[in-house]
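Presented as structure tokens, the chain that follows is alone, the form predicted alone.
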């Protein structure tokens, strides 16, 4: 009984603290919070004024009460019939077989009911119905598609340099309050880095954090791994030397998307952490030297990692230093000088231009304008986007016993984004 009462009181206290935190922490504001509410309200109020089906166009044309118009291809509507025969609602998955779909299909009859629902009868007499809100969300206009992309993937980035105001939030807040956890993950997606404070200075806190988002990613170094000075180290991180800016694990075909580093013990002198916004630096390179940018976005670099830890391993991989999307915009940085292989699978005449391009990018990463330096305290957990934020460390003195100890772990962006969407649904009361 007393344990239950204490839990209730703790929950109340956490909730009140969270409210004050959210009200005052401007650096954790998230524009998607407001956008999601506004967008959802727009969908909820969707009403249909008129619907027609011009056969020659293989389209259903919808005129909305707000004066806008949407066109839906008949083949797409038939493919996405929501009836129990075509769609398994318990799994939210399509049952209709693609081989049964007629790509040239047109509607036999279309009717509108209460301005909120469209009924379609198809040539084989199968009937489908579509809610106005469901259709409005899936409008094929560029504006609607852009809004849906933002709603689903939160693509906005806020770039930063040495002037970064490092976002901070208490560890206990994100563990027990959904609003705080939602703010954390929104900010992590937008800024690329958030510092969690006040965790216990012991191993195991990252496992709890993994459970909060879903699960951690297992690698050849284990589910979690201990960053400290080790004899016969199997990784340069397990020494006391300086670590230059890098992303972790570019040797893997799919490098971990998010990294967690929990400070358990900190050395008195040295050991400061450094981070840099790789996307911001890549944009600068693209502007000042397009040829260097082209080289780094097109040259496949060999990486290697061989050793024994969680198990024995011999990993080889190829990555471009800067991965780009169809617009030529950076979407992932793959750079770790320690594990860059001596093998380099390109023609000899292309080697020196590659080194020159990489040197220019590395100079941008290390410029005082771009890098941000801070020192973790015991109980701090820095959480960051391993596809975007490169991290490093200043050297520190070795001793007869361990003077600096961080525990590390990874999670995939798919897992993090899944939790973010679920939290948003709870926090915003979305369907």
Ligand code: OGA
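These numbers come from a predicted model, not from an experiment. Numbering follows the first chain given and starts at 1.
FYI, the form predicted in complex with the ligand isn't displayed, but the following is about it.
- The contact residue chosen from 246, 284, 340, 78 relative to the ligand in the predicted bound form is 246, the criterion being a non-hydrogen atom within 4.5 angstroms.
- When you look in the predicted bound form, the only residue of 135, 261, 186, 118 with a non-hydrogen atom within 4.5 Å of the ligand is 261.
- The stretch from 66 to 74, 363 to 371, 49 to 57, 400 to 408 that comes within 4.5 Å of the ligand in the predicted bound form, counting heavy atoms only, is 400 to 408.
- Using a 4.5 angstroms limit between non-hydrogen atoms, residue 225 touches the ligand in the predicted bound form.
- None of the heavy atoms of residue 196 is located within 4.5 Å of the ligand in the predicted bound form.
- Although the partner is absent here, residue 237 sits close enough that one of its heavy atoms falls within 4.5 Å of the ligand in the predicted bound form.
- Although the partner is absent here, residue 388 is not a contact residue: none of its heavy atoms lies within 4.5 angstroms of the ligand in the predicted bound form.
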